[in-house]
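Take a look at this one chain, the form predicted alone, written out in structure tokens.
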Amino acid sequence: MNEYTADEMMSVAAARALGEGTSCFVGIGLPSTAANLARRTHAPNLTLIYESGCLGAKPSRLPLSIGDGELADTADAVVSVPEVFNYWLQPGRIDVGFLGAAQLDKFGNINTTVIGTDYHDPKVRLPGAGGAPEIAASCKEVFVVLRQNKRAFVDQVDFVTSFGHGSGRGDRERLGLRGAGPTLVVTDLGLLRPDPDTAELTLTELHPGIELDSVVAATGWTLKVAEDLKTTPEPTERELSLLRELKKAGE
């Protein structure tokens, strides 16, 4: 049995979700770690697209930001930011948008703007939207990766920065949003997917060694659990080795 941390399990599970030959709009942080791990394991032809205009980036280490020179140096092409959004993202040419969040609610809506109900006098002012609203609206599907606790997994986000499924199934279609929205949420405890009828996030997999009660306790709403709840396969020795090499290269 391999020894690994909860964050390593989360990164490996997120990487596995990315299919070979797909295109992925990558956010910095956990999404970037997962995407770069996927390219080193089962998906060498995964195309990584960064908001700064780097298409097909192949960094040898984890980038520090979307402006990291390593991305431009290793990209197939570098285009302007307007071209990334107007030509590649908004017409629906990108398969997966990989996002993080400060808050996430039961319908996959994301907040990265403010904590607190008063926008002008918040408890915490966060970095903001960046390109995430467009990614959430226009990618064919969206994966979200974040650590699970009641502070992050809330019944209703304080501010909708990036639209998920609104208040339930059908809201995206009524707004004319092109993409399918969040189809997977990867946490350090398990995997959640939207219910096909209601779009409410439902726990479908538990990571090894995680008890269901602990996931319920870390969720700010009454969590739905799939009838056929599965256990995520443990990280392999190769996955862990490549993940650790990737992180070490960025130190």
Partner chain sequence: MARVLALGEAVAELVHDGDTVALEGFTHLIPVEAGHEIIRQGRRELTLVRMTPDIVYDQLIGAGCASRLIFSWGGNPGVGSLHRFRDAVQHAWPVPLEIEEHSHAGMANRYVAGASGLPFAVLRGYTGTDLPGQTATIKPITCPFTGEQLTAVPALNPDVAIVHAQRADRAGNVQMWGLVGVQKEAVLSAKRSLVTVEEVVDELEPRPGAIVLPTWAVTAVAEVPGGAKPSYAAGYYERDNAAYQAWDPIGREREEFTRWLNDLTGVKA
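Residue numbers count along the first chain shown, from 1. On a predicted model such as this, the values are computed, not experimentally measured, just so you know.
From this point on, the text means the form predicted in complex with the partner chain, which you will not see here.
- Annotated contact segment (heavy atom within 4.5 Å of the partner chain in the predicted complex): 44-52, selected among 44-52, 208-216, 182-190, 221-229.
- Candidate site formed by Ile94, Pro196 and Ala199: none of these residues places a non-hydrogen atom within 4.5 angstroms of the partner chain in the predicted complex.
- Although the partner is absent here, Trp88 lies well away from the partner chain in the predicted complex, with no heavy atom inside 4.5 Å.
- Using a 4.5 angstroms limit between non-hydrogen atoms, Leu203 is distant from the partner chain in the predicted complex.
- Although the partner is absent here, Gly67 sits close enough that one of its heavy atoms falls within 4.5 Å of the partner chain in the predicted complex.
- Remark: Val160 counts among the residues lining the partner chain in the predicted complex, judged by a heavy atom distance of 4.5 Å or less.
- Along 175-192, a non-hydrogen atom within 4.5 Å of the partner chain in the predicted complex is carried by Leu175, Leu177, Arg178, in order along the sequence.
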